[in-house]
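Single chain ahead, by itself, as structure tokens, in the form predicted alone.
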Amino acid sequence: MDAAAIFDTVVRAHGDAAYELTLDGTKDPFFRVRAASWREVALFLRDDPALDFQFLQNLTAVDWIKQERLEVVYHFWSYRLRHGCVVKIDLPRDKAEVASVATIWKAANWHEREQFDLLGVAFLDHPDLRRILMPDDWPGHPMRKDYVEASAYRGMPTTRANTLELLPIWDKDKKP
């Protein structure tokens, strides 16, 4: 089934919960789903026999700071039917919340934790939503485009000299 047919199947079942199918100008065609309807659409994507998306390949997010939104991107695959689909969900940057799908696809558990940690997306009803890469008390979300890194964390510097800047110093210390 191609992207247009998958989109039509979702729209027939869920109306305007799915919108904006994009086929041209992209390697991976995608459609958008409204955040409020995401859990129901996700269950449909997995359970409908014509779609059968049993595999969540990837879940990531993008910060569109100028548009004041975060975009959560899901890539699905059906091994049985040999087709895939990409779903995007737009969230406001100041209240980036969407339903968790960790109980639908187990792979979503750590993917959602990563996006929570790095971009601040809150996945509602996640079974264990906590930081996965950064320390628990790390301030902010480092993949947001407006993130400003602190110069130190618990007394340790968070930056180091650029190796290219150190080469002249190292060369000067070498004796011919």
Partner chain sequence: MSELILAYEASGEEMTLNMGPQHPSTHGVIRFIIRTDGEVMHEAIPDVGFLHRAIEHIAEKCTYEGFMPYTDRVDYVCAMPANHVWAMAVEKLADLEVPERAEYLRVISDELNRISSHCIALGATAMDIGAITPFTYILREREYVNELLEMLCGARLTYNYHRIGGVGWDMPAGWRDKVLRWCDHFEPVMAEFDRLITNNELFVRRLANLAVISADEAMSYGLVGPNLRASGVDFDVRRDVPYSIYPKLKFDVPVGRGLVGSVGDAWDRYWVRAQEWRQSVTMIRQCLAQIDGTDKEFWKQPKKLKPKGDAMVRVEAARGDMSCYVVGDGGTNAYRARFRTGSFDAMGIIREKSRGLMVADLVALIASLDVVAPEIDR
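Positions refer to the first chain, counted from 1. The structure presented is a predicted model; accordingly, all values stated were derived computationally and were not measured.
One more form of this protein, predicted together with its partner chain, exists but is not displayed; see below.
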Study note, to complete from the structure: in the predicted bound form, the residue from Leu59, Val41, Leu51, Val121 with a non-hydrogen atom within 4.5 Å of its partner chain is Leu59
Check your understanding: With the cut-off set at 4.5 Å between non-hydrogen atoms, does Val73 touch its partner chain in the predicted bound form?
Key -> yes
Practice item. Please run the contact check for Ser151 against its partner chain in the predicted bound form: heavy atoms, 4.5 angstroms, yes or no? Key: no
Check your understanding: Using heavy atoms and a 4.5 Å limit, would one call Asp128 a contact residue for its partner chain in the predicted bound form?
Key -> yes
Exercise for review: Answer yes if any heavy atom of Ile65 is within 4.5 Å of a heavy atom of its partner chain in the predicted bound form; otherwise answer no.
Suggested key: yes
Point to revise | Sequence-ordered residues of 91-116 touching its partner chain in the predicted bound form, heavy atom within 4.5 Å | key: Ile104, Trp105, Lys106, Ala107, Trp110, His111, Glu114, Gln115
